[in-house]
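Below sits a lone chain in structure tokens, taken as the form predicted on its own.
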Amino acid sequence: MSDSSTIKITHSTGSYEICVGRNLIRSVAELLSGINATGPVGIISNAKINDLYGGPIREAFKQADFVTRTILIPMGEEYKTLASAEQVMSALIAQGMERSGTILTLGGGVVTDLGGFVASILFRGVKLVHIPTTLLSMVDAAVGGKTGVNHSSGKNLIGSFYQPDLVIMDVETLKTLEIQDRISGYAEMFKMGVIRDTKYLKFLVDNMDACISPDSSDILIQAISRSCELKAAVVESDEKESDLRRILNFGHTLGHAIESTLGYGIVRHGEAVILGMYGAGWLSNQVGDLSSEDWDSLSTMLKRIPLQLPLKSLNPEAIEKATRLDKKVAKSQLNFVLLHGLGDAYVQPGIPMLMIKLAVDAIKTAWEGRE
């Protein structure tokens, strides 16, 4: 088996391993045998990723006497819906999927989220293995047990907490990513540094070029592994997002609203989170106790990340309205993740909606002339 780092995550009903390294796809059948998978393997992917990796994976399973079923879904956030989940389940059932089987997701965040959701409800739950093929899905969707699909009113409003049995992260799959997709994944790693580990944050800033390069360097493997370790520590202490885990939403309240108002496909999730982190940092300084020194440091780091977005199209009123539909609204108040300082995040309820609009104005001003 190829060299890799292994991270163990424990949760309320057991544990699973995250394997990070090179050429791990070659060992997929061996790795599934290690979790006692026996029934059919339902591979959920999209046409592009299936063309790249589906053939070798199915051949490896064939050699190990695994039966496979492959279901392809269209690419795009707009297809992460209940209707798509039902179509996937209907196709799997028609092809003889069994309760003893395993769902294997092969793709980015849309495939990971939707496939995980299917695994959580098909036959009341089957084994689940993720093979994320984007940097964002490696450090976000594939870790932590959140699954979900979108609703017309907002992103990820329908879903479940369902832990995988295994996660395989082969960094060789990242070589085909566009630069915007690598930056999108970098944003989620950057977020973990901002909220949990300033030493890791400095590592990411110092090695940004290596982290967003198409090369599968040791630095990138180290960055992915540390991000997963940090997220695992949070998830282990708060699996169902009742307390500490909510800090993982830093930058996401505004980020999701920016994503939905600009339009899925126009802005990547991580790109929107970069802007959302800027807005959250600005709010932390304006209505919270984040020092001007820390805010200047954070804003400088964020503005160094290369972005090419139509920021003139940001509509403060539309974004403010979109935040009202956020999952983090509780008792009619918006719970916003802010910073006491770098590495020290907390949840602040009751952020005035006027401040949301002003935060969007601050984002637009910060990136003026950089588009």
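Note that residue numbering begins at 1 and tracks the sequence as displayed. These figures come from a predicted structure and were not determined experimentally.
Beyond what is shown, the protein has a form predicted together with a small molecule; the following relates to that form.
Undergrad: Among 49, 173 and 181, does every residue place a heavy atom within 4.5 Å of the small molecule in the predicted complex?
TA: Yes, each of 49, 173 and 181 comes within 4.5 Å of the small molecule in the predicted complex.
Undergrad: May I ask you to choose, among 146, 226, 196, 127, the residue with a heavy atom within 4.5 Å of the small molecule in the predicted complex?
TA: By the 4.5 Å heavy-atom cutoff, the listed residue in contact is 146.
Undergrad: Heavy atom within 4.5 Å of the small molecule in the predicted complex: which of 222, 207, 87, 156?
TA: That would be 156.
Undergrad: So if I measure heavy atom distances to the small molecule in the predicted complex, which of the stretches 208 to 216, 76 to 84, 92 to 100, 272 to 280 falls within 4.5 Å?
TA: Residues of 76 to 84 come within 4.5 Å of the partner.
Undergrad: Report whether the minimum heavy atom distance between residue 108 and the small molecule in the predicted complex is within 4.5 Å.
TA: Yes, contact at 4.5 Å.
Undergrad: In the predicted complex, does residue 118 come within 4.5 Å of the small molecule, counting heavy atoms only?
TA: Output for residue 118 is no: heavy atoms all beyond 4.5 Å of the small molecule.
Undergrad: I'd like to check something about residue 169: if you look in the predicted complex, is any of its heavy atoms closer than or equal to 4.5 Å to a heavy atom of the small molecule?
TA: Judged by the heavy-atom cut-off of 4.5 Å, residue 169 is well away from the small molecule in the predicted complex.
Undergrad: Is there a heavy atom of residue 201 lying 4.5 Å or less from a heavy atom of the small molecule in the predicted complex?
TA: Taking the distances in the predicted complex, the answer for residue 201 is no, it never comes within 4.5 Å of the small molecule.
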